[in-house]
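In the block that follows, a single chain appears as structure tokens, in the form predicted on its own.
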């Protein structure tokens, strides 16, 4: 009997949709899940042209795969991945390939690569972005690690991924756990952009008193122009969704407490660990945490009374300035995430190709945006660009938007509308573009109380001073 070319472990919505996508493109694929209902769903949802098989036994699953076996795991990150590996690796043969397509932490992937390599097995971490629909119709796929294994997977990955200008939104992301790392940073940028969009929504709603129909029109216009992106597009649609339980719009019935699965936090922790400034991503993570203090926020709002918000005189101008502020803060969020990838690539010897990262983010993924075309041009001209803000063409774009970001940040502050994301994006930009920061004073303080030394502007070396108290 001819074997199946690929295997999928985990037949939840993401696993099943990715499996169907693979089958749609002419590849035979078997699926495994312990849940019999999910196996039935897989079989019932398969079309006549697909070569698909569902199994509830790992032994049967492994036995129907052609060698070298190519097995994709789509299970929750952490212990579930280790549990699957512990069960399946004794059934595998030398040269078989296991691909973790979940949001695993990159250091876990490094450990698994070493463990499976000791058993003569290939292991890869592979980021997949695009949600349920993307998995089914074409996601952005970020594989990294074992180059020999990637070469075997490449034709399938290119076939099933999203396409932009007939180019596949997948590419080799680098050595080791680079694929997981790139996906982690993708999610960190996603956190930041979502935070910024929510702040723009708040400013338009409370500042300009726009209703949901008007908000729909604003986001529709934005999405038809230079801000065209997946997140702006779905935000536009959200404003039109009516609630099935009331006569209201659904967005107005949703409690203001945001959830999180951890990849944003990992991004912030990693940036701290290797010394990269990503304040807009950091604040997006902490804003979700702050949103969970609902009861305290209610108490505080009563204690400090209702804020008096003054509507802008020129609403059309205000909407344009909010758009400029959102555009630029979004660009700065990308800049922070990409700068983290630059440093991580050096720190962990990933050899991440930034040009290919932004290229494959142009389609399929949650942070896809026409803005990434400009980044792709920048990295094509200079693949070693340490920060996208240093590109001449990007600088011209930034200069055309900075006035709007400053005005909106000022308006939000004056009127007591929280704009943590916009404020940190502006603060990062101002600090990054300032030749002399006031941290010379911090170094003086550190040397004063802890003899931590300092460097000088007029000569080489490391110095320490016995500081004199003014009270002496």
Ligand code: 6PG
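Just so it is clear, the structure is predicted and the values come from calculations on it, not from any experiment. Residue numbers count along the first chain shown, from 1.
One more form of this protein, predicted in complex with ligand 6PG, exists but is not displayed; see below.
Residues with any non-hydrogen atom within 4.5 angstroms of ligand 6PG in the model of the complex fall in just one of 183 to 191, 221 to 229, 398 to 406, 310 to 318: 183 to 191. For the residues 369, 109, 235, 263, the 4.5 Å heavy atom test against ligand 6PG in the model of the complex is passed only by 263. None of 104, 170, 267, 129 but one reaches within 4.5 angstroms of ligand 6PG in the model of the complex through a heavy atom, and that residue is 129. Looking at residue 288, you'd find a heavy atom of it within 4.5 angstroms of ligand 6PG in the model of the complex.
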